[in-house]
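The chain below stands alone, shown as structure tokens; this is the form predicted alone.
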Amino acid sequence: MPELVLSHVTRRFSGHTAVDDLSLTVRDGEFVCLLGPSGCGKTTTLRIIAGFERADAGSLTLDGADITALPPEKREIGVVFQSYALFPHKTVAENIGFGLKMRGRSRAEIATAVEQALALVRLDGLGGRYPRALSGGQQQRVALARALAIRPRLLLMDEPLSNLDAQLREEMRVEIRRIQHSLGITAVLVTHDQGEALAMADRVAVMSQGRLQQMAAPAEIYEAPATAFVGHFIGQVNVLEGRLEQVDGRTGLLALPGGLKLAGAGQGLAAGQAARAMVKQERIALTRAEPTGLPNRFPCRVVERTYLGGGIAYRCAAAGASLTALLPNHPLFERFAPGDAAWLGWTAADCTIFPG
């Protein structure tokens, strides 16, 4: 039986629809990330699941039981907030045990649960400290331990890593996944960080304007976007617009300005319609010699070079557009300077065409 099911959930605020007819399923033991830009409805969705917001339409079930009208305290859901929401006047142990105390558990039960939760997040021996004496990463672990101490059926996390520096964020990604795997708990995390979602989730639910655009495994979201929004939102993407000259099954030939042609794959394509092709920056080869083995190849001139540490981004003028090729910062790859003449090339499989 699915762990969590949202069916046609809608939430409006003063005429604005924050969540629009949203249906999705989170399986038992699964880690799902709700991903999207600011204002797409992902946090409102999380608050509806937690019971902090009431849906105007639709229903929610958890383990087959309808929780649509249940108050938050009766849903057996643990929540980790973006700000951690720790009580500054309470010790770490008191913070972790707060939810259990509110549920009327005995001191012995609370002490045991707190000790187990501290061990789980690797903060043994810090129960007597106050939040102000902890680093940001340690405070985040305390917030996670507090959410898990009540032994929830479902764990919700709202941008839990956004207040951490880059290195600590990567460390905590691994830690959260380790804890989730070890407990086998179902988890839903809200984020606007694509790397975070792709690295952590079993499945990613991409949202835009309150609607679900695509829900799939990270590789499918990245490699096979279902909509133009997902294709443009995920990764660093180049966009070329033209008109479909020829369609053969899922392969289309796009006529670009200047008489150039481009081959790519897509769905719902028809000859004669306007379309846009998307190709990710790292899928483009940039070479001095013409890449004869690639169906999509265009002469170009390098306009700008941006050093990114692990890679180098070259913005080029080609095919009547500005295209960026992201190359690894490695001696095996050619280096270019602004003004250099070169060639851009990529396969048809690396190019997705969307109608309209």
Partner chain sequence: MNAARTLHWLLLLPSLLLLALLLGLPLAAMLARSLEPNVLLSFTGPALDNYAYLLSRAYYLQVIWRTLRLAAETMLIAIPLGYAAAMLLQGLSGRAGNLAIMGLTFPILAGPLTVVLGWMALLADGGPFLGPLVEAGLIARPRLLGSEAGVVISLVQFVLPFAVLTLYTGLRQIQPPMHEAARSLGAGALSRFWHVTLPLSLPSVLSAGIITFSLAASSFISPHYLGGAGQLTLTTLVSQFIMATFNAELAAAAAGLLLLLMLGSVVALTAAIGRFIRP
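Numbering follows the first chain given and starts at 1. Because the structure is a prediction, the values reported are computed rather than measured.
A second form of this protein, the form predicted together with its partner chain, is not displayed here; the remarks below concern that form.
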Its partner chain isn't shown here, but in the model of the complex, which of 176 to 184, 202 to 210, 105 to 113, 92 to 100 has heavy atoms within 4.5 Å of it? 92 to 100
If we test each of Asp165, Asp124, Glu73, Asp248 for a heavy atom within 4.5 Å of its partner chain in the model of the complex, the one that passes is Glu73
Within 4.5 Å of its partner chain in the model of the complex, heavy atoms considered, which of Val79, Leu120, Leu269, Met172? Val79
May I ask whether Val5, Arg11 and His16 each come within 4.5 Å of its partner chain in the model of the complex, counting any non-hydrogen atom? no
Is it the case that Ile150, even though its partner is missing from this view, gets within 4.5 Å of its partner chain in the model of the complex, heavy atoms only? yes
In the model of the complex, Arg141 touching its partner chain (heavy atom, 4.5 Å): no
Hey, in the model of the complex, is Arg47 touching its partner chain, heavy atoms inside 4.5 Å? yes
Is Tyr222 part of the interface with its partner chain in the model of the complex - any heavy atom within 4.5 Å? no
Enumerate the residues of 106 to 137 that have a non-hydrogen atom within 4.5 Å of its partner chain in the model of the complex, in sequence order, or give none. Tyr130, Arg132
